[in-house]
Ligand SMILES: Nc1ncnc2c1ncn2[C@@H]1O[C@H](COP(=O)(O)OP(=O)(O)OP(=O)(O)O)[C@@H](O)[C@H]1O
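A single chain comes next, written as structure tokens; it is the form predicted on its own.
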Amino acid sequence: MKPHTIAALDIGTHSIKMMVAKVLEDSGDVEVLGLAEQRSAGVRKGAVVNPEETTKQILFVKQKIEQMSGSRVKEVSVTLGGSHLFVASSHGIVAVSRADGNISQEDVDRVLSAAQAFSLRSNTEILDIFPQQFIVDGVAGIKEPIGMRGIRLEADVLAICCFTPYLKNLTQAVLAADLEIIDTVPSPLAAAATVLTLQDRELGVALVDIGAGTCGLAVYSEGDLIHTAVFPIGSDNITNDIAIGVRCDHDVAELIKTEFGSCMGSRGKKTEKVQRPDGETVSFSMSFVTHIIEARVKEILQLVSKELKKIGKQGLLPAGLVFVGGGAKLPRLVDFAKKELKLPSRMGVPHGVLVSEAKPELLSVMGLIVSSADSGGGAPSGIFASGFWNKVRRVFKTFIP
């Protein structure tokens, strides 16, 4: 494998992260060369609402990481977040074109194109499609139809759609920072490439990405992505609730959450104190703070449960829940999730990345890096699935204004 450098950009509600890495020639593993992070601006609930402000922050992390890595960053894979993302199922059907009835790549491309021909509401568009199955002459459940014989080829696909103005804002912000976009990846799926194993996706698993402003969900079964959703609630909501409940400012509430917070705790009356920057002391009840955190986390898990119920997977995911994102650092989150959703639960850990520290909030940008490495530095088609689906070319590219 020829060594090459790859870069990824994760634009979140709380921070913007850029990572540069190289693919090791001998093992194919990815070695991180540099990571830069900057507080977000112009981003609300995961979506870019002020491209000019976001561009300034992207330029800052770009300059910083170029200094760290000693190389110029020209192109990146980038995440697209926000609760405007939604999924739609569609079905396509075509006649096999060859006279001998052998199904070719051209037939597969045509049936996938036919599956895209469905109406969308105003100002929305398809970001990407994910084949669920092919049907040859009425026989369903086929993963790779190429080479089979038939008369009629059908395909069931899952389309991920987005709000066009937000996609345009994101694209504008990145291009204005003198960066070319290789690919745009929905945020709920970004960490999947490095966190989820093939066995996870085959058995059935739900990746839960708890960010500052949103919570993303990606569900896989039998090797395929079967559902994704983004909820407009995240760890900042917990901080805001603590600020209101304890009657302190946001920064102090964030300190209380990170230093003393827990999803499950004792119900005693223990009182703790923190000091504000101006020297004033803020006292609070541990049980009260735990109650606030429990209530918000329970709300997030109930939204996850509702989505799983919608697709018939409630309590039916053998590989359980995998948590990523900065909000997943809350102590005892995994225990609380096991109790609430009655599913195996664990924290996500990266695979295929050589890095000294694997914080939950870095797993999305690592996933972009890993998927780009798998595809030789081009569009990260490997981020979503494996096997045959890695061979299916991307149908949609990033919108460039």
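We number the residues from 1 along the sequence you see. Here the structure is a predicted model, which is why all the values come from computation and not from measurement.
The same protein also has a form predicted in complex with the named molecule, omitted here; what follows describes it.
Proximity to the named molecule in the predicted complex, taken as heavy atoms within 4.5 Å, picks out 251-259 from the listed stretches 111-119, 143-151, 160-168, 251-259.
Only one of Leu330, Ile181, Val274, Ile126 lies close to the named molecule in the predicted complex, with a heavy atom inside 4.5 Å, and it is Leu330. Checked against the named molecule in the predicted complex, the residues Asp236, Glu75, Glu294, Asp107 give one hit for a heavy atom within 4.5 Å, which is Asp236. Using a 4.5 angstroms threshold between heavy atoms, Lys22 stays clear of the named molecule in the predicted complex. Although the partner is absent from this view, Gly213 contacts the named molecule in the predicted complex, with a non-hydrogen atom inside 4.5 angstroms. Interface residue remark: Gly367 is not counted as part of the site for the named molecule in the predicted complex, having no heavy atom within 4.5 Å. Proximity of Gly325 to the named molecule in the predicted complex: non-hydrogen atoms within 4.5 Å are present.
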